[in-house]
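Just one chain is shown here, as structure tokens, and it is the form predicted alone.
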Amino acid sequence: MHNPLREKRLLDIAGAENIEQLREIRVREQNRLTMELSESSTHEVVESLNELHDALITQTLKFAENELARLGLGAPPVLYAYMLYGSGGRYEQTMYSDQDSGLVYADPSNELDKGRCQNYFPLLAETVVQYLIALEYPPCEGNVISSNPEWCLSFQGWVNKIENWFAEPSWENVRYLLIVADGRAVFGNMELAGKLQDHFYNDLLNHPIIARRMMENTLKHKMLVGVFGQLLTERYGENAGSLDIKYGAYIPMVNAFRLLATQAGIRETSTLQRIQALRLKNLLTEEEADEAYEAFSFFLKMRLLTTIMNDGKLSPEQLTKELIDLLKKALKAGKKIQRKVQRELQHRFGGR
């Protein structure tokens, strides 16, 4: 559908000449989208917001390539793809998401190209990260970021790393595999990124025991609703009485649908798209899918609102009777999905 505002936004970003202009566009457009949140559908705002982030990151990468050319390093020596993970990989970024990123480049064909790649891509990644920090995208606290040498590798380097993570399924390695499952290319060669995704899913099929580790990780965060349907708010401290939307509602559903999707070989990274794909494969009933889709859409909206106002939490003052009723309904839907994952664990492995 023709959308003049959207088209102007993308043209403004593509026409920006420096980071300062990009930052001004980001502030202006996010303010506009914040205003739209109360009037438009959650899906429209989330889609527009993530399109905005993608366009800003893409233009930043072009700036970084130009800067390296100015420094005398020329064009990228081989094909590469810049990857987004976390909420960026899932098309679920908020107004203030951080950088979760990686970089994969094609295997060099000779020692000369290998040396050029080892000089070029770490500097490109560092330049992009610094530009994005200037654009007010903070670096990932867990160091899952392209400027970290562990997340900036050749294709074969990534293959080796993923195989090592599958071979040693420690809690940390499983966490990394779950991060990779949400990865998508935002810029560069999509075929290269697709080959890496192929390798991930082939390895997943060859290591069925890894599913148990993934399930244990997935069940770490519980939905904040009690056995009698009551909200499980913070009991102590400065946030007493508040409800943690991110870790008590949003993340548990992200985790559950990621697991169900990856085990089914579904390669969508958006949670809503995963729900639809699971429905199409008859791994969710129509009723389960509709209920989950509605609940997760509600949590997406709550997450956007709480990151704007209150660091991911709903304060006691915000918890009106009407909102509590909506939260209880959505949280119960999320809890059903967690039970579904747990039954899968018990069925496959006799787990808890």
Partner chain sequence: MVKKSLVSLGALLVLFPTIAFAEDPSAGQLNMGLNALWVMLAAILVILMQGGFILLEAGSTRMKNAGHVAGKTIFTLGLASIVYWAVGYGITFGGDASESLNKFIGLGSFFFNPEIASIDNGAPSSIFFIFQLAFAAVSLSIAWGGFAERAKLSAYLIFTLFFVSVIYPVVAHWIWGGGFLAADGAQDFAGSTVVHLTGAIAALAATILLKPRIGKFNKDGSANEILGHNQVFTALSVLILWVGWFGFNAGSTIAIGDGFFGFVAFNTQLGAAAGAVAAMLISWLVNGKADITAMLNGALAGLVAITASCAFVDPWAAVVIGLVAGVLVFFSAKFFEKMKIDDPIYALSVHGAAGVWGTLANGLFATEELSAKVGVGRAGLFEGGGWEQLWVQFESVVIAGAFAFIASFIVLWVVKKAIGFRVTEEQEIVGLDLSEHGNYGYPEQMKKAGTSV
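It should be emphasised that the depicted structure is a prediction, and the values quoted were computed from it without experimental measurement. Numbering follows the first chain given and starts at 1.
If you look for the form predicted together with its partner chain, you will not find it shown, but the lines that follow are about it.
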property	result
Residue contact check: Ala75 to its partner chain in the model of the complex, 4.5 Å heavy atom	no
4.5 angstroms heavy atom contact with its partner chain in the model of the complex for Glu238	yes
Its partner chain contact in the model of the complex: Asn119, any heavy atom under 4.5 Å	no
Its partner chain contact at Leu71 in the model of the complex, heavy atom, 4.5 Å	no
Answer option from Asn206, Gln230, Asn160, Asn143, heavy atom within 4.5 Å of its partner chain in the model of the complex	Gln230
Its partner chain in the model of the complex: contacting segment from 221 to 229, 257 to 265, 111 to 119, 184 to 192, heavy atom within 4.5 Å	221 to 229
